[in-house]
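Quick heads-up: it's one chain on its own, the form predicted on its own, in structure tokens.
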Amino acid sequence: MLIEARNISVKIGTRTVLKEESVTCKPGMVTAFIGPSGAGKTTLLHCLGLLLPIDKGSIYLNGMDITNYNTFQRRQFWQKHVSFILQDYGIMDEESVAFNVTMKSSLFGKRIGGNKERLLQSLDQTGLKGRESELASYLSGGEKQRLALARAIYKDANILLVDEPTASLDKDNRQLVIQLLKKFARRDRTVVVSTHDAEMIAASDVIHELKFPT
């Protein structure tokens, strides 16, 4: 799905974070938001995902203005179209690896619900096969990042919004995550990342640089 920001401006308190910023993120591509810390990369990512209201401008999904979606419409957008991988990964340490992927359990929480075949495929692709019964708290930071990717692969969202996907990862995990993001995009999905990582930037199809508003 094509997602766009058109001339959006955002203020947080008295500080202008984004000023008349525009970007088009296309399916089949990895779009990277780059720029110095504090230039608005994460803010723009959150605006595209309707996590943060904007003061001016519009957000479009396949040419349709979704800027003023109400609470129900935003929830539908999140459920049907978009997956987020934010810097805390969104992992529930007290739950199993499998539950963190499917987000479903049986009535009494004894078994993991959802599609088992898709679950195993997503874990296999992210190098976590065979660990579905482990508690997520046992995973390293790199493994938790891959677990968050497994959740997105399982959901098969049209749009994947990722904040600093390779931050604090070792070389092997960094390359694995980058390749997984590229593979996800090649399935005609829209992948948008906020990043400082030179390897992630080099692997991206489109670079959108943000600067401090003047």
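Given the structure is predicted, the values throughout are model-derived calculations rather than measurements. Counting begins at 1, following the sequence as shown.
There is also a form predicted together with a small molecule; it is not shown, and the following applies to it.
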Within 4.5 Å, heavy atoms only, which of T31, N158, T42, N173 is in contact with the small molecule in the predicted bound form?
T42
Kindly indicate whether A98, G114 and L119 are, all three, within 4.5 angstroms of the small molecule in the predicted bound form, using heavy atoms.
no
Using 4.5 Å between non-hydrogen atoms, is P27 touching the small molecule in the predicted bound form?
no
May I ask you to check whether N68 falls inside a 4.5 Å heavy atom distance of the small molecule in the predicted bound form?
no
4.5 Å heavy atom contact, A203 to the small molecule in the predicted bound form
no
Just checking whether V17 would be counted as a contact of the small molecule in the predicted bound form - the rule being heavy atoms within 4.5 angstroms.
yes
In the predicted bound form, which of the stretches 177-185, 59-67, 146-154, 34-42 has residues with heavy atoms within 4.5 Å of the small molecule?
34-42
